[in-house]
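Below you will find one chain, with nothing else, as structure tokens; this is the form predicted on its own, and questions on how it binds or moves follow later.
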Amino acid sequence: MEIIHVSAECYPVAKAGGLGDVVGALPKYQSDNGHIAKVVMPMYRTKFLYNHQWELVHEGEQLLGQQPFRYAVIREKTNELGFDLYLVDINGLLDREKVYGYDDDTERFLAFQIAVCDWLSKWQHLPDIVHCHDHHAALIPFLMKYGYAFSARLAGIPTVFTIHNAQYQGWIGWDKQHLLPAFDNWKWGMLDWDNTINPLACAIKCATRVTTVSPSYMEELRYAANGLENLMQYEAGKSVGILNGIDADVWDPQKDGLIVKNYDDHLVKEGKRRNKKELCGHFGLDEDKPLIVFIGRLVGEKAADILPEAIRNSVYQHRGAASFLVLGSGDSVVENQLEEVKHNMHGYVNTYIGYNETLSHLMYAGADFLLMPSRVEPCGLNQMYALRYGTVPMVRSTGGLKDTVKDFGEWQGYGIRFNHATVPDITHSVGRAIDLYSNKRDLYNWMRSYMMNIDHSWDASAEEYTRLYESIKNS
């Protein structure tokens, strides 16, 4: 089966969040299972671009409104990622360093999607499935079906659309309708939701199948989907939640080259002790206390706005019995508040404001607990990384966190769960973590070994996607 993944991100080419991790891993596992998996994404000006060899496979021209643009498609020569990688270059639009955050993002990703459809329509053969990810690729199912320039060749290809985060929908005002290629005007309603062109809603309507990144998130979207609740309920019959996996080759404490000492479930105690010693020594924290870390974007979805107060409150209420380390960036107000907490609680709290892949690996390996108080977490990968490294996840019961973490108060539980993204709930969970670490060492040690053997690799998830593809290909 030949599957084309279309996405704005793919690790390690360009990544801004979990979307990049998923698109960098799922196609590799599909290729390992005997399928032909390909990824198509914009050609940002990243280190990966300049450090690899490429070949030109297609050049074309299309219109963005009345403005013609030329595009080129290049392929990475070595197949280093385990699948064919194609980059779409459009001078003046996609030739930027960052993935998102530009005033013309609407035009950038519209042109990207138009170019992808134009290129696919020129193929001598056609792929079996086109799998689109999030709103940056969400108009492709519509254009394949109803775009006059593409539908003759592409309308019969089944499409799968995966919602990685429904909070971001790619809204486009109808005043920009002229930027779209000519389409069947009788189908304008497919584009519209609440008097706005809504790419996410459009894909939910037009795609053959819709998936989300965990079963619980699919259920949540039927009553909390940032305005799309009725649509999710209406399209429930073609929708399914498939839990993301993690790349077990990249996230493997036995061979991770970014940590101080490698270890497996039998050597977890010594391995984590050595990595924790390195981590605490570097950040001036007490290695004899439980180390609780936060790794992620400092935004409201992750409940980062309450993180400074929750850490401060936990240090005071639990008399400094735990240490805290935060890695992340985002809201400047939160960043400044965390720096203030770090200054006022020197020796108990430290921070690294920014993105650091190497440090994140060392934190998973050296921390005792990972805190994820997310308000919204469609799947979450960090808690799965933590489990893989024997680090106890402390998570709010939402989305994929609920699907992947079982509270240690339950039979064979291996994590800490709480119900609300609030300072009191976080503070209480910190108390449970301190008690587990200090007074229940046998249980704590068993949990660390047990969680390392939970299989959250992409094998099972990739097989679920294969069954989904085959069901629509054969229907």
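Residue numbers here begin at 1 and follow the sequence given. Keep in mind it's a predicted model, so treat the numbers as computed, not measured.
Beyond the structure shown, there is the form predicted together with a small molecule, which is absent from this document and is the topic of what follows.
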item	value
Non-hydrogen atom within 4.5 Å of the small molecule in the predicted bound form for each of L19, V22 and K302	yes
Any non-hydrogen atom of L228 within 4.5 angstroms of the small molecule in the predicted bound form	no
Exercise: H164 in contact with the small molecule in the predicted bound form, heavy atom 4.5 Å	yes
Residue contact check: C379 to the small molecule in the predicted bound form, 4.5 Å heavy atom	yes
Contact test in the predicted bound form: R96 vs the small molecule, heavy atoms, 4.5 Å	no
Selected contact from T391, N244, S323, T398, since only one has a non-hydrogen atom within 4.5 angstroms of the small molecule in the predicted bound form	N244
Sole residue of R274, R297, R153, H282 within 4.5 Å of the small molecule in the predicted bound form, by heavy atom	R297
Which of 340 to 348, 187 to 195, 315 to 323, 164 to 172 sits within 4.5 Å of the small molecule in the predicted bound form, heavy atom basis	164 to 172
